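The chain below stands alone and is given in structure tokens; this is the form predicted alone.
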Amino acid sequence: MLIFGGRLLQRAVNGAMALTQVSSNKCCDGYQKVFEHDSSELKCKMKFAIYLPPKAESSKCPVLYWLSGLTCTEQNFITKAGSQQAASEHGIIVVAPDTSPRGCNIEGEEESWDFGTGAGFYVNATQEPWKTNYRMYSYVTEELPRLINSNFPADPEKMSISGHSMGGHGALICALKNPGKYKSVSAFAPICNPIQCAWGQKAFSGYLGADKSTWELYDATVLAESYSGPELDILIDQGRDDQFLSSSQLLPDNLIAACSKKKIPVVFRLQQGYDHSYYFIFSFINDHIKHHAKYLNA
């Protein structure tokens, strides 16, 4: 197990290379850290951020996974969202991975901001040249939790997931595809129905190919229509002045309709005057951590 504060023990986990600590800063009586490791799923070096609340010094804590949006790294959430205060108070570890593999030297990976680097879309790609590295779905749902549970004082039975935009899509599909794995799910301005919007169509055709039935495996609205797991309490905040809401990239109404048909409880809050930015996330992050704490600390 890695030491909570300053000192670091490095060791191999499940045959993978050891974690390397990149940074550590005391914050809200806990520690905000960043680590790097060699990912077996993504076949490249990956960084993730982890906030360890003060409670983690003496006992195991539940874990909230945060998935960021297009163009982000592990840094955006930890420097802009202000999640550490509420995570400290509720005794929750918060893990924020990067949004895609990096430096894989795949032709075209740096060509556009909404596909390739910084835009993994939390799917397992099936198409060349992406399928070897672009396996963010398995990284987030399998490899990363294994790594966290092996190296930190995390309670492996208590996980929740949240995210923003592309990451809100990621959080929703991870929860809907794995009934019972996550205690709760929330999202800020998620891409709710990617098969029906330009961002999703571009990403899915590139990563998953022309067969649209494979796209449905990663679409929250479609997954909600066939969900049959334990009750999942979903919280979604959406800015009313979000330019991507008005340009039909997010399509929350489609997800709400699917959830109401399946009687999946959704609290959807349309927030007057807010846009798509981290100013919006900062304004409501405490509500989301409280939402997860209700289930994680039950």
Partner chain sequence: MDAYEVRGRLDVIEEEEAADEDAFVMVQDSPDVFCGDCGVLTVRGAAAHVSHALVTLAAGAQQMKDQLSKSRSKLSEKIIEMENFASNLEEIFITVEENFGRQEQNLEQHYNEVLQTLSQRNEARAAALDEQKNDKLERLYGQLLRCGQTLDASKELIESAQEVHRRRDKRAFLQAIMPIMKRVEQFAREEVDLKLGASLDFDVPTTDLSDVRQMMESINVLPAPSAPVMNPQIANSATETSLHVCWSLFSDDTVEFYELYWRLISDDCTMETPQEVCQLKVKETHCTVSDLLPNAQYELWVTATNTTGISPASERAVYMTVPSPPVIKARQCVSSLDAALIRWDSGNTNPVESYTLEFQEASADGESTATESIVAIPSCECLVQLQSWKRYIIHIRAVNIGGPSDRSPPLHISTTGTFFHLLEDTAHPSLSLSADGLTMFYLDEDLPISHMTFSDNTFNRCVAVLGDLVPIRGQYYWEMEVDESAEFRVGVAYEDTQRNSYLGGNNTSWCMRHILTPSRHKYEFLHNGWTPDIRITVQPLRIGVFLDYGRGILSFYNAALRQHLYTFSCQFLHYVHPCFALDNPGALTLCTGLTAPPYVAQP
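Residue numbers count along the first chain shown, from 1. On a predicted model such as this, the values are computed, not experimentally measured, just so you know.
If you look for the form predicted together with the partner chain, you will not find it shown, but the lines that follow are about it.
Counting only non-hydrogen atoms and a 4.5 angstroms cut-off, does residue 265 reach the partner chain in the predicted bound form?
Contact check for residue 265: yes, within 4.5 Å of the partner chain in the predicted bound form.
Interface membership of residue 102, the partner chain in the predicted bound form, 4.5 Å heavy atom rule
No, residue 102 is distant from the partner.
Within a 4.5 Å heavy atom cut-off, is residue 42 in contact with the partner chain in the predicted bound form?
The answer is no: residue 42 has no heavy atom within 4.5 Å of the partner chain.
Residue 90 versus the partner chain, in the predicted bound form: is there a non-hydrogen atom within 4.5 Å?
Taking the distances in the predicted bound form, the answer for residue 90 is yes, it comes within 4.5 Å of the partner chain.
So which of 46 to 54, 62 to 70, 228 to 236, 27 to 35 is the stretch with heavy atoms within 4.5 Å of the partner chain in the predicted bound form?
Stretch with heavy atoms near the partner: 228 to 236.
Need the contact residues for 238 to 258: heavy atom within 4.5 Å of the partner chain in the predicted bound form, sequence order, or none if there are none.
Heavy-atom contacts to the partner chain in the predicted bound form: 240, 253, 256.
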